[in-house]
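Starting off, we have a lone chain in the form predicted on its own, written out as structure tokens.
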């Protein structure tokens, strides 16, 4: 009888282990970057990257939990496994690729210059030598401004504050990703007060990010992105959020 009980318990334990729920993956986002990721009026975390990750999760059978976090420290959280994925308009760069692993690219988002609507003379970043230009801290936008040592970079953790400072003449321009710039130009708070000038300064691509060496998760994400690209889902999301 004891042997039967032990055998039964062993089978039950094995069954329980086999049916244990999959680990919920934490997706980190800096939700100050509309239309890519932001908090809507209903206090919901929404945007292109949110919908993209939900589509990836459905395709790859992943269980996700979204977290709104500060950009400053988002990669440290990935490195120490506080987060499993960063889906937050992260530009793929050589330096970042040394520290983390990127998915295949999914959006081209070059840096553009945003100025006051009544500014008719300044058309390039070089025109702002000796003046203050805003960008989000530790982004390719701030890196672009930093290349010109004659310009004073004012770095923001929350990019929305840079546009507040622009319309209040505390900075004279903002450098930001093209999709985000287009969203702020249309925002009722800023509409008619700011504009995008000139051509994109860079050609750069967003990727989803996982901890360095997490090949299993990266392979699942890339397989899902490939399917979403071929079945029209990715194009539909771009039409919904980026037009």
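Positions refer to the first chain, counted from 1. Model, not experiment: these values are computed from the prediction.
Omitted from view is the form predicted in complex with a small molecule, to which the following refers.
- Considering the small molecule in the predicted complex, the lone stretch of 183-191, 211-219, 31-39, 59-67 in range is 31-39 [heavy atom distance within 4.5 Å].
- At the 4.5 Å threshold, heavy atoms of residue 48 stay clear of the small molecule in the predicted complex, well away from it.
- Interface membership of residue 96, defined by any non-hydrogen atom within 4.5 Å of the small molecule in the predicted complex, is confirmed.
- With a 4.5 Å cutoff on heavy atoms, residue 113 does not count as touching the small molecule in the predicted complex; it lies far away.
- The small molecule in the predicted complex comes within 4.5 Å of no heavy atom belonging to residue 103.
- Interface residue among 85, 90, 145, 173, judged by heavy atoms within 4.5 Å of the small molecule in the predicted complex: 90.
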